Ligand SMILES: Cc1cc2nc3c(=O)[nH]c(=O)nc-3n(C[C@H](O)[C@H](O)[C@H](O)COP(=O)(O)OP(=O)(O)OC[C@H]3O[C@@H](n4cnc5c(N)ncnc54)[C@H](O)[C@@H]3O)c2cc1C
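As a starting point, one isolated chain is supplied in structure tokens, in the form predicted alone.
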């Protein structure tokens, strides 16, 4: 658990925990909400959270939000992922909403930010078949035409596009001195003419999509921020994206740890609980220590970002993403090993937690990219 919570934040954590136990606390409830694990987002549950004011936790009060900072946002993310709430649309929604809040027009802000508080979902699209870790190598083009732009090209791995209202699209509008120049952000409705969204089957179910643009017209009013300056705008949002992913995965790691401990306490072999054997007891101790360290890192960086919201914490945010995602993968793998065959069975859901964590070290910047970023901050 996060340390030194105020009474208000402690009440928030308790309320989220109570909600998750009531609405999605059993496997039967979660199976019903997720089509037996194939869907990662349940809109009805999501809108219940919106009615409680939670989805607007980081939205400015001007747009009907709570106007809270990074600490409260990380609390919400951790507790909902710990409670296994199927609201996968929230992460991309907050990332996209922050970009609109920083760079969007007042009309864009009202449409998106007020929509967030009502339970609407937003998506963001950067990756392409030939541009993954090297995002700036993207080739999807938006060419000038009367009153706007025509978009042509393919995007891939776009989370939640199949149920989002808009896609925050990063496309190439020109060529500058470097590949980082000439990129522009656009607000594209998911029902725009010439846009085809096709789901990608994955081990995690229905979550990501290919996007195909064929002469898709977007008006000048759809440009988010300054044309040609999307790269610097994206860099301004790195804190948020990495903290979101870190907080989500730390919540999953905590859940996997607690489920593992509960299992090894009650499972008996050779006349005693398997958790009493030193080989398991010491691994539990190591995981508990690592979880505590990760929690301290997340808390400290969240507080630093909240104190200086306009500063880019490249090193620290990358450390959070790296540590929390790698730890979540490790904890779920250990959980599966300690639970033996039951860890592999859908009845106990450790396999679902494992599937949720293994991809976390890939999306949002791979662990290798995070290490490279951290290394560069030391002049290497």
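These figures come from a predicted structure and were not determined experimentally. Positions refer to the first chain, counted from 1.
Absent from the display: the form predicted together with the ligand. The rest refers to it.
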### Query
Thinking of the ligand in the predicted complex, which stretch from 179 to 187, 278 to 286, 262 to 270, 152 to 160 has heavy atoms inside 4.5 Å of it?
152 to 160
### Message
With a cut-off of 4.5 Å between heavy atoms, is residue 250 one of the residues that contacts the ligand in the predicted complex?
### Response
no
### Query
So in the predicted complex, does residue 243 come within 4.5 Å of the ligand, heavy atom to heavy atom?
no
### Task
Examine residue 13 and determine whether its closest non-hydrogen atom to the ligand in the predicted complex is within 4.5 angstroms.
no
### Query
Could you tell me if residue 216 has a non-hydrogen atom within 4.5 Å of the ligand in the predicted complex?
no
### Query
Would the ligand in the predicted complex be within 4.5 angstroms of a non-hydrogen atom of every residue among 362, 365 and 369?
yes
### Query
Which one of 230, 97, 74, 124 is close to the ligand in the predicted complex, taking close to mean a heavy atom within 4.5 Å?
124
### Task
Have a look at 164, 208, 140, 87 for me and say which one sits with a heavy atom within 4.5 Å of the ligand in the predicted complex.
208
#### Entry: Residues in 132 to 155 with any heavy atom within 4.5 Å of the ligand in the predicted complex
132, 133
